[in-house]
Each structure stands twice: as C-alpha cells, then as structure tokens.
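Form predicted on its own, single chain, as structure tokens, below.
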C-alpha cells in the first residue's frame, strides 16, 4: 500500500515542507480563491460601466453638405445623442477629426438629395479614424441614425406608391432560441473555465517542483535523501505525488474561485456569463476526474525539468518549452468546438479542455471522455517513467 511504503513517507515529508512555504499557499490557494475572482469582478464591472458610458455619451459629429439635404441633416441636428458641427469642405472636416474637434463626419454628396427625391440611393460618406475608440463609436452612432432614417424613408416611399408593407420584406424570419438561461450561462462559462483550470493544473505545481529537485541540488540536501532507506523509485513517487497534490489543489481552487462567486450571487459576474449558472455536482466531479491525468502529466514534466536542472535558476530557463507544450493545445481548444472530431481526444491537454467544454455545454460524449481519460493517463505514465529514469542516472542527478 502507498500509505505504508517509503514513498508515502517521502510524500508526507515533502508535502509538509511545501505547505509551510507561504509562496505556495499564496499562489495555489489564496490567489485562485480571492485574487482571481476579485480581478475578474473588477474587469467585468468596469467593462460594463464603460459600455454604459459609451452608450450615454453625447458625441461630436461633423456634417459637410456639398448640396443641401435638409431631410437627413435636420434629423441629425435634432438627435439628442450627438452634437453636430457643420463644415464647408471635406478637407476641413478631416482636419477636425484628426484634431478630435469632432469624432466622425458625414459628407453629403452633391446629388444626394436629388437621388433621394427620385427614389434612388443618396450618396453619403462617413469619415472617421479607426485609431481612436471614440471615433469608432461615433461612426457606429452615425450608421445607426442613418439606418433609422432609411427605415423611415422607405416606409414613406411604400406608402406613397400604395404598396403593401411586405413589399420591402421578401421574407419573414422568426428566430427562436430554445436554450435556457442556465445552459447559455454554462456555455459561455465553458469558453474560458477549462482554459483557466488547465493553466492552474499545469502551473500550480511549478514552485513546488523546482524546489523539490533543483532546489535540493542547490541546497546540497539531495545526497542526504538518497542515502535514506527509501529507494530512488520511492523518492520519485513521493516527490511526484507532492507536485501532483499541489496541482490538484490549484485546480480545485480555480474551479471554486470562478464558480463560487457566480453561484453565490455576484451579480456583476453573473450578468456577464448568463442570468443563471447551472453546474451540478456531477459536472464538477467529472471535471476534477479529467484533470487528474493532466495534473499527473504536467507534474511529471515539471519533475523531469527540475531533475535535469542544476539549480532553480536554470530550471526557470527551461520553462518556456513547458509553457509551449501546455499553452498551445489549450489555446487551440478555444478554436475547436465541443462537438469535434474523435481524433482530438488523443491530443494531450487539448483533449482535457475539450472534454470540460463538453461537460459544461451538456454535450457529454462517453466515448470521447473515455478516450481522453485513457490517453491522458498513458501520456502521464510515459512521462512518469522518464522522470524515474532520470533519477537513476548519476550524471543527471548530480549535474554541477
């Protein structure tokens, strides 16, 4: 039994020392449970506040009439959401946009009103700068006002010609969204929660892993451990399961830190991902189960890196390939939908993210889940064997 073996003694020793490290507690427990929800809440709060301010802001709009078009210009002048300023030339108006005197300009062509009165399309031009966010908003505001003008003008044309209202609508389209607010919220949550869990599982054990091997080399305490009654396999298992435990704790804290505030009433977060969040206990347990092989895989990789490195500083230089191995598949999972080809279940890390998306999106596929779980455990076992092999080689374990 693991609990009676020497590997358990090593595990208990390493875990005790790890949990005494305030840096680990801060990064693995405090940050996901307190800092992450606070950061997300702050982002969503100010994003919503800024969106409201953008909608309520009165924007300065320029108008250039190369020929009079009173029907449209009067509607612009009377609009309470914009403040108009008239310019004589197009060049003058462009200069005003560049100097931010006005945020966008509407240019009325010379034949605009004549074409409009002849039931043709009036030529209009909007000038704005994409490099300025307020200018983009002004352009959108102008487009919406012109759409309303078009709608009103079209209704008058139809009435004048004694045509039915259906004349301007060749089709009648009805859109019915059958998704509940719970499933919609869970779907949106599935877009970023798996990514955060993968990152937490992968990077939660970095500090621990680097301290357990590279750190022991640096402190010259590795030799003391090697002359103990524990075999090298026992030592590897003890250290590996310490890193694995910390990674699992980080994953659990990441899930709790995101789902907890949504489930217990932080309205400014709930409004961002749906009116209600529906994640049952079975879904949470399934996500934790699928994270187990991921945590084993990443913990083994970190142990390999830490074993190979001479010290913690050198171990940190090897972290870039590790980040690439983890982040690239995790980022690709945001491109693939939850309903994807079966072959993706064999791609490390990506299969974990996609499986969690399926669980959150009520698209659970038992076959995909089984293949992802099995292949992930296989990859974890292979890397675990590599880590064990490293500990058997003196030229690696005692690199100076």
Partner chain sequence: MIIAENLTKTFRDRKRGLVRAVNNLSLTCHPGQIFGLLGANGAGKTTTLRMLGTLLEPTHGNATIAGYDIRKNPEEVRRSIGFLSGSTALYGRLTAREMIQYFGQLNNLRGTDLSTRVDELIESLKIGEFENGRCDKLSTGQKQRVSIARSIVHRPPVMIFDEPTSGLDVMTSQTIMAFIEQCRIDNLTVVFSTHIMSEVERLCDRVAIVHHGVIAAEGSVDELRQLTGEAVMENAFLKIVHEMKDPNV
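Residue numbers count along the first chain shown, from 1. Since we're looking at a predicted model, the values are computed, not measured.
Only in words, not in the display: the form predicted together with the partner chain, which the text now covers.
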Check your understanding: So which of 143-151, 227-235, 127-135, 112-120 is the stretch with heavy atoms within 4.5 Å of the partner chain in the model of the complex?
Key -> 227-235
Exercise for review: Mark residue 10 yes when one of its heavy atoms lies within 4.5 Å of a heavy atom of the partner chain in the model of the complex, and no otherwise.
Suggested key: yes
Check your understanding: Closest heavy atom of residue 85 to the partner chain in the model of the complex, within 4.5 Å or not?
Key -> no
**Study point:** Non-hydrogen atom contact residue 385 with the partner chain in the model of the complex at 4.5 angstroms
**Key:** no
Exercise for review: Indicate whether residue 216 is a 4.5 Å heavy atom neighbour of the partner chain in the model of the complex.
Suggested key: yes
Review point. From the list 89, 221, 324, 316, which entry has a heavy atom within 4.5 Å of the partner chain in the model of the complex?
Key: 221
**Study point:** in the model of the complex, residues of 10-34 near the partner chain [heavy atom within 4.5 Å]
**Key:** 10, 12, 13, 16, 17, 20, 21, 23
